[in-house]
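In structure tokens, the next block holds one chain alone, the form predicted on its own.
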């Protein structure tokens, strides 16, 4: 039996939450929608924080995901700047930090993630994370020619900030605990390609670098101490060691939380409760595994899927996308389709740093599950994506693409 839905509450006012609200209106929902967000700003875009905004190419006003008039047209009750603190699924209410409660007939959890930090770094001047607009503005003020930025963690956020900072004339040191930057996410060959790109632009990269302490003088940062006793001097330190899903407010809700809000293939966490965006760990039947994807495209697609499943549960469909992400570093756009983590093989089909060319295919068991590319044509990427979407066997995928 379908639930009667007259009040939908969306907790999380970033890309996933807004995409869900837009999709609900687009497919004909005319009831009340409350959008709750812990930041006071209207929904804004996060990928430019490490690039265009940090570089001074964009102003904060250019980050808005939609013009204010478009937000108004959605007829939302906005509760911005007030974090959710609890959820009572029996009473169907969300508890907020201002001691008010928001009722719901259906609930969308889109609270995203926050940056992970290192112990004892809170309140130290010059130590930064990068997740919010204030984070980016605070770091931007410090990036000036001749200063030294040490980045702890050489994942995509760290690598993008390194590229932006170098373009601003900042000396940059990247500290990576593993043997090859980005290898857990994209494999060693792609990681080495991107490492070479940073070396070419003058970034100092230390691998196998375990950070034991943020060194400070007075209340400000002075450097980073490594496990071997080495101290890397720093004017500023960016901690870019991953993220933590924002699920603490769900602690006594009865919902399953394990590396994110656990959802089924329809993105449902419980009857009438759905997950969207970075916080949602859902079962993707295309790859036969649970995944949590921290990329803008996924949040938008998932919001649309949830809106449709919520409003038409008798015809609901599994959310089974080919995930997509991109990363801009220097003059290269890196793009990837599929599920690259936990692959069994990463086959390099093209790697030319000078020519700015990279193409890597990823195998899991006997199947093509992903592709990563730089400098390739859109037609090439579309061909690989189509093969991933239809579960193409590995041998057949290589035959089809090399023949093409």
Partner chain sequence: MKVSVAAAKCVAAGQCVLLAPEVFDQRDEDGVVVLLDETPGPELHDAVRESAMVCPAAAIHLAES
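Please read all numbers here as calculations on a predicted model, not as lab measurements. Positions refer to the first chain, counted from 1.
FYI, the form predicted together with the partner chain isn't displayed, but the following is about it.
Across the options 359 to 367, 373 to 381, 30 to 38, 344 to 352, residues that bring heavy atoms within 4.5 Å of the partner chain in the predicted bound form belong to 373 to 381. Contact with the partner chain in the predicted bound form, defined as a heavy atom within 4.5 Å, holds for exactly one of 85, 297, 100, 256, namely 297. This chain appears without its partner; in the predicted bound form, the one residue of 333, 75, 252, 199 with a heavy atom within 4.5 Å of the partner chain is 333. Contact annotation: residue 131 falls outside 4.5 Å of the partner chain in the predicted bound form, judged by heavy atom distances. Although the partner is absent here, residue 266 sits far enough away that none of its heavy atoms falls within 4.5 Å of the partner chain in the predicted bound form.
For residue 337, a non-hydrogen atom is located within 4.5 Å of the partner chain in the predicted bound form, even though that partner is not displayed. Put simply, residue 308 is close to the partner chain in the predicted bound form: some heavy atom of it is within 4.5 Å. Contacts between 4 to 26 and the partner chain, taken as any heavy atom within 4.5 Å in the predicted bound form, involve 19, 22, 23, 26.
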